[in-house]
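Presented below, as C-alpha cells, is a lone chain in the form predicted on its own.
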C-alpha cells in the first residue's frame, strides 16, 4: 500500500490503520484534479500524524501533506503568555475564515481543508489568485492560509471587505509540518506578492499581556476575531485568544443552528467571556453590557429558528459563490454531498463570464428537532 510505504510503517501498524478505519477518501477523481491519481486523508490523529494529514499518489510520486495541529487557547493573557513563551512574542491577527493548505502537485495548485479534503471551489480560487512562482522555487513547502470573504463556502464574512482572498499565516515544510520563522515567512510573502495575515505587534514576554489587551480591545471594536500569539522563531507552539465580538458571533451562529453544534462548542465560548470579563477588570456596568450582549446572542438566535420553522420555513444558511467553470461547480456540489452537507441550489445565473450560484445549506437536524417540539415532542 502506497500509504504505508510513504510513512515507512511496519505491516502491523499499517494494519491498525485499516482496522481503525482512519483513512478516508480525500479527493474526487476528476480531470480538474488530473495531477492526483489517488489520495487519502487521516480522519483522526494517528501517532505523530495530525487529523487532516493527506497522502497523495501523484503523477510525480507519493506526497505527504501534514495536517495542521490544533492551536490551544488561552483563557487568560496573564500569566499564560509568560508561562508558555521565553523572551519575545509576536501578535498575529487571527482571521475569521477557514483553514486551508495550498500545495503544488504536478502542474497545478491544490487546496486542502483542515480535515484533509481537497476542495474544488478553494482549489479553483487558488489557481486564479496565486502564482506558481513560489512553488517552483520552494516545491516542498506549503502555504497555510486563512481563506476569507463574502464568497466563502464555509465561513462567509463581510468584515474584511473582500469577496475571497487567501492570507498566509504559516509557511511550512509539507512532509514534516515544520514552520518557518516569522521573519522568513514575511520575507517570502513580500518577495512573491502573497497576502500575509497582519502582524499586529512584537514585544518582550514581560509586557506582552498588557500589549495583548490593547490589541484585543482594538480588534473587538473592529469586529475582528482575535490574535494568535507566536514565538518569533516558531520554536514554541502558538496559542490563540479571541475577542468578545467573536465569541458572541460564534454563539449566535451555534444557537441559531443549535442541533448541528455540540454543547462543548457553545459552553467553551461562554467560559471565555467570563474569564475575559474578569481579567479586563470590568465595572458592574461593563459586565452588565457584556451579559446582555451574550444573552441576546444566545436567546434571540434560537427564537429566530423557532419562528422560521413555525412558519413552515427550513432553517438554512445562504452561501453565495462565484465559479469560473461549470464543471468545477458540479464537482463542488458533489464534494458537499460526500461531506454529508444537506443543501439545495437556490439560484444560478451567469454574470460577466462567471457563474453566480446561491446555495442553501440546510440545517436539517435543528429544523427536525424544532418541528418535533412544536408538535409536542419531549426534550
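Positions refer to the first chain, counted from 1. It should be emphasised that the depicted structure is a prediction, and the values quoted were computed from it without experimental measurement.
Separately, the form predicted together with adenosine-5'-triphosphate (ATP) exists; it is not shown, and the next lines address it.
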**Q.** Proximity to adenosine-5'-triphosphate (ATP) in the predicted bound form (heavy atom, within 4.5 Å), stretch among 87 to 95, 305 to 313, 204 to 212, 275 to 283
**A.** 87 to 95
**Q.** residue 231, heavy atom within 4.5 angstroms of adenosine-5'-triphosphate (ATP) in the predicted bound form
**A.** no
Q: Report whether the minimum heavy atom distance between residue 197 and adenosine-5'-triphosphate (ATP) in the predicted bound form is within 4.5 Å.
A: yes
Q. Going by a heavy atom distance of 4.5 Å, is residue 240 a contact of adenosine-5'-triphosphate (ATP) in the predicted bound form?
A. yes
Q) Is residue 47 close enough to touch adenosine-5'-triphosphate (ATP) in the predicted bound form, meaning at least one heavy atom pair within 4.5 Å? A) no
**Q.** Answer option from 114, 157, 174, 290, heavy atom within 4.5 Å of adenosine-5'-triphosphate (ATP) in the predicted bound form
**A.** 114
Q: Just give me the single entry in 254, 75, 71, 129 that has a non-hydrogen atom within 4.5 angstroms of adenosine-5'-triphosphate (ATP) in the predicted bound form.
A: 71
Q | Within 135 to 150, the residues that have a heavy atom no more than 4.5 Å from adenosine-5'-triphosphate (ATP) in the predicted bound form | A | 146
